[in-house]
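Read the single chain below, which is given as structure tokens and is the form predicted alone.
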């Protein structure tokens, strides 16, 4: 996959969607194609959740989590194989992918004060354009004026299956993975602050019946008319 053509303008590409929809994979592929920075917002929440666990901060204490965030430095360093995630200068890339941290991140992310801090950090990272940002409220809250907004979705059963295949050791049965995903969907879609909903001007890309290459091609078809200068 080649880089963007010379002269193409640097834009912000926002990819939102529920857990297991393939946002991270798509964002990584697009960032590589266009030589953009991939800002993986989920990794930022996981890093904060990890710090909360390590320092004994309760995951339901919004004030303490907000104070912890203010004292934290989370950095995303682009690499060909994906972001290197640094927490206060320490490489936590592998640690934050563990199921315990993923579950904790979902609980940490519901707090408005934490999300506000994250939004400010994410806006600073993407202010200059040339970024692909994926998450759950990029097109609605973080960058409502992003030039391209994609809402990547898929049927819960398909997303649950993908999650199970990614980490079959995370649960003894695929059913439990699906149930966990449904609960996370409910939390994400019903939270008071920045609930998971498509932006009004987002293009919904349903990947239920598509393979990865087809999803990537559909996304490129959405982006190309925006990113390439007119002749």
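Residue numbers count along the first chain shown, from 1. These numbers come from a predicted model, not from an experiment.
Not pictured, yet referred to below: the form predicted in complex with a small molecule.
Only one segment in the set 83 to 91, 67 to 75, 151 to 159, 132 to 140 has residues whose heavy atoms sit within 4.5 Å of the small molecule in the predicted complex; it is 132 to 140. When contacts are judged by a 4.5 Å heavy atom cut-off, residue 146 does not count as touching the small molecule in the predicted complex. Within 4.5 Å of some heavy atom of the small molecule in the predicted complex lies at least one heavy atom of residue 191. Taking the partner from elsewhere, residue 45 is found to have a heavy atom lying within 4.5 Å of the small molecule in the predicted complex. Taking non-hydrogen atoms only, residue 97 approaches the small molecule to within 4.5 angstroms in the predicted complex. At a distance of at most 4.5 angstroms from the small molecule in the predicted complex, all three residues 41, 105 and 115 contribute at least one non-hydrogen atom.
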